[in-house]
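One protein chain, two forms: both are listed below as structure tokens, the first as structure 1 and the second as structure 2.
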Structure 1
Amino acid sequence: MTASTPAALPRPDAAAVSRTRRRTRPPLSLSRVLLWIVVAVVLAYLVFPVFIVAPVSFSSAKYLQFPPPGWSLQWYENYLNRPGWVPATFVSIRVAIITTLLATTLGTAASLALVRGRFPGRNAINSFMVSPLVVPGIIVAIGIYFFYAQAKLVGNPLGLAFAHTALALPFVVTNVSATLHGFDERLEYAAMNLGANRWQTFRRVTLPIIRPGVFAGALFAFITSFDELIVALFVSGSGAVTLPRKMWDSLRQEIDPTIAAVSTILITLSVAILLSAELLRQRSERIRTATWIAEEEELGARE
């Protein structure tokens, strides 16, 4: 009498698993409700200044007043027509673009070396790469200033971009490394077995898959440079006045709703970039989930 082999059970797809998980969520408890309340209060506290600054930027008053007595676009017109504001914005954009290109290129290369490489001191180098996130900004600014003063780079937009690159590099390394940890290296081996060299493999196989992480890191690098103030105060001089530096000088000299208009523009830009980074992160998660499902199906077929 021969024993019959049980048939393989069908593998549920990801959508069905996700729906089952949503249906089997535990009921809300008192602790979870309190946690959500605390989170909501903290978020409201953090977002509350936006609900003050944005309406004031459209105020018809001649000084900062909330609630506004009327509505007007005069402070946005003042931002566009008043000397110094628009040139400072263009300086910030140029410096941020250079910073993004440098930080994305160097950060992607560093991530490949740190994730794929096996060499002594790799953890120490990784800690050094992300150290600007831990070291206080004022210490970094003072160190950069003393170095730039000797190299005669104070007031040079390119020097400011180099300084911002050091600050933005950890964001690129973190995002690209997270994407590389979920990357299937067998795809690269297959491409090289088919005759592709390392550069062709990176350009046609690796980069398209890790592109969401690279783009997210580039967006964070741009916003880090565009919003940075402390280093700009030390090394921008008179030849590389950025928009945050101009806002600081305006607050020291006079306070009018123009600063609220500029702040609203910066807040809108920051929110747009952060939403874009979140969309790219979700796309990267979907790609990794699809890869995981394909691997599971391949293993199931082999079994």
Structure 2
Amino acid sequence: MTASTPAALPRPDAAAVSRTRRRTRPPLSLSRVLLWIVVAVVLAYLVFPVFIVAPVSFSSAKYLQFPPPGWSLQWYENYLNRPGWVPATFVSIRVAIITTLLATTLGTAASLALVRGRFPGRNAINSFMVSPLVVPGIIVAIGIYFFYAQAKLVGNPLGLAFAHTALALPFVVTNVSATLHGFDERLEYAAMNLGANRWQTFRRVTLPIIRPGVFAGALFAFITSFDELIVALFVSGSGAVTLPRKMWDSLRQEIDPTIAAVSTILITLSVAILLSAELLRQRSERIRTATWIAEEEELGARE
């Protein structure tokens, strides 16, 4: 047992911690070494392609070449100067913001009803609301395409945002519902008991506590819209060309590292969003520990 943890030198403050940890850590066997080698390879497979794009985007070569023969910022200049790229970015941002606002508002209200309500058909409605997660994108896309062709919404950014909202709603509903399930309903009771009406209870108590879930849902909604390609292929027309649509078109024509530059920007954005989501998660955990303390004391009192 001691042999497996030679690093556990007695640091005074960590001594107690390491003692308990040492007991729970499985012995370092050959199978565990093999396991972690496999894990390292798989994680490398997951992460490597994402980060390989960045060096390409700074390459001075015209074609894909690795390692790059020299460094340059020309592809970023291309992104800024070539027609179409920047407007497409703005369309994407606009559509994603509308989608986020719509999906978050509608989804949060729906989650409250689905988690708190006791009306008939609740489970069926819940399944319907979550189903866009698993229905293949092409099916939604051509359905929307036929509908918009009739409704004259093809090429309209607002139309695209509506379609994206339908795709993003399940993410908001699942995230907010999960937070609501972990929510102690007595807090709402307490607020009403103290004189807050339903709206005040929501504004002052429910929303602040479920905010991490709402933010997470909003993040998912934003990303869903910002990355969405298949619906955009059918209904963006010429009036609502989004960034993914523009990237797709350019991938099908000439592959030059401009797209690597755009990808690098997107990856940076994703990582930034991921990190902020992680920070949010930690914050919500801290709020949750407040109730844990009370529960632990309860357990302690019973022992």
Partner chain sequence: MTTVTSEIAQAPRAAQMARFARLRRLEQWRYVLLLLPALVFLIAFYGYPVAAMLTRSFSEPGWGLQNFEPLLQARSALDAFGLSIPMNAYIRVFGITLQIALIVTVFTLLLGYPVAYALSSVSPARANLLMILVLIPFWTSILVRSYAWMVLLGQEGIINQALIATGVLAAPMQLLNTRLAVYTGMIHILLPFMILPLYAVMRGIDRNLLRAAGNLGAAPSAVFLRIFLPLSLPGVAAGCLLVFILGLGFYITPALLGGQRDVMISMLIQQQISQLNWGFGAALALVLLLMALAIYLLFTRLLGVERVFGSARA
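For residue numbers, the reference is structure 1: its sequence is counted from 1. In this text, the rigid core denotes the largest set of C-alpha atoms whose superposition between the two forms falls within 1.5 Å. Keep in mind the model is a prediction, meaning the values are calculated, not measured.
The form predicted in complex with its partner chain corresponds to structure 2; structure 1 is the other form.
The rigid core superposition between structures 1 and 2 gives a CA shift for Leu34 of 4.8 Å. Core-superposed comparison between structures 1 and 2: Leu43 shows a Cα shift of 2.6 Å.
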